[in-house]
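One chain is shown next in structure tokens, namely the form predicted alone.
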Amino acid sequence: MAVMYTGGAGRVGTVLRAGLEGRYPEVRLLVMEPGTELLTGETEFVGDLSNLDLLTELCSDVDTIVHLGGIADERSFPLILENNIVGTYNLFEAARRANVRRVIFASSNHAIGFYPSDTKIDNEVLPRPDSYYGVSKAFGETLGRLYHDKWGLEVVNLRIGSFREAPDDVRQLSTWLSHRDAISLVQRAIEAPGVGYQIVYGVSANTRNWWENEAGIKALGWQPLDNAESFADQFAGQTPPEYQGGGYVDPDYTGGLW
């Protein structure tokens, strides 16, 4: 099987590729700049998500796309529109034209960041984005629904929590996704048979988890192993945020990794 990563040279993609190295015979990387340190079976292609013709060409004979490309934080709406909304449309349309079997879309907890932190939610709730970035992720999930229903593309939306080696604050005791669990999650998203359309929270087995994830775990046959509670003593005395999106809900928030 051929697997293609957009944004594969970024923070998340670098960890995933290393963890899955050698598992797939052909891996294509779409990168903005040349010079990626390539792993077993990888080939680098330089370009961006604005070029639909290039994307369609690169998708030829690809089985699964892991779509990590775009802006991974809050920015002005024009930048989010160009990179995360138009770029995501181009990716899905290229996949359709090239008869790709499955797209794995890196969504975000910020698609539902305005839900209160004292409320546990599942993957059926309506989006409540906390930012333009969150809006772009809700758009991508909905666009994937269209491409599944109308053209039969399999789509797995991973609502990624806080991807870190270890939690940074009390909020991440609820949202942490360990590197180990992220690698196994993406592996199952690539390999699980007949997934149809899914929304799955990318979150480890945290005691303080805000998200009901059983349906997604069952659909992929995935089992997270790590629990942020083992780090809880480091954040004693910190108060959890009012909303699940943390600082992203602040009207004056302009950017920063959460």
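As the structure is a computational prediction, the values presented were derived from the model and not from experiment. From 1 onward, residues are counted along the sequence shown.
The next section is about a form of this same protein that is not shown, the form predicted in complex with a small molecule.
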(message) Please tell me whether any heavy atom belonging to G216 falls inside 4.5 Å of a heavy atom of the small molecule, as the geometry stands in the model of the complex.
(response) no
(message) Would you classify M32 as touching the small molecule in the model of the complex, given a 4.5 Å non-hydrogen atom cut-off?
(response) yes
(message) With a cut-off of 4.5 Å between heavy atoms, is V156 one of the residues that contacts the small molecule in the model of the complex?
(response) no
(request) Report whether the minimum heavy atom distance between N90 and the small molecule in the model of the complex is within 4.5 Å. (result) no
(request) Flag this candidate site as yes only if G13, I71 and R164 all have a heavy atom within 4.5 Å of the small molecule in the model of the complex; otherwise mark no. (result) yes
(request) Mind telling me which stretch in 107-115, 144-152, 183-191, 120-128 gets its heavy atoms within 4.5 Å of the small molecule in the model of the complex? (result) 107-115
(request) Would you kindly say which of L49, A228, V203, I199 lies with a heavy atom within 4.5 Å of the small molecule in the model of the complex? (result) L49
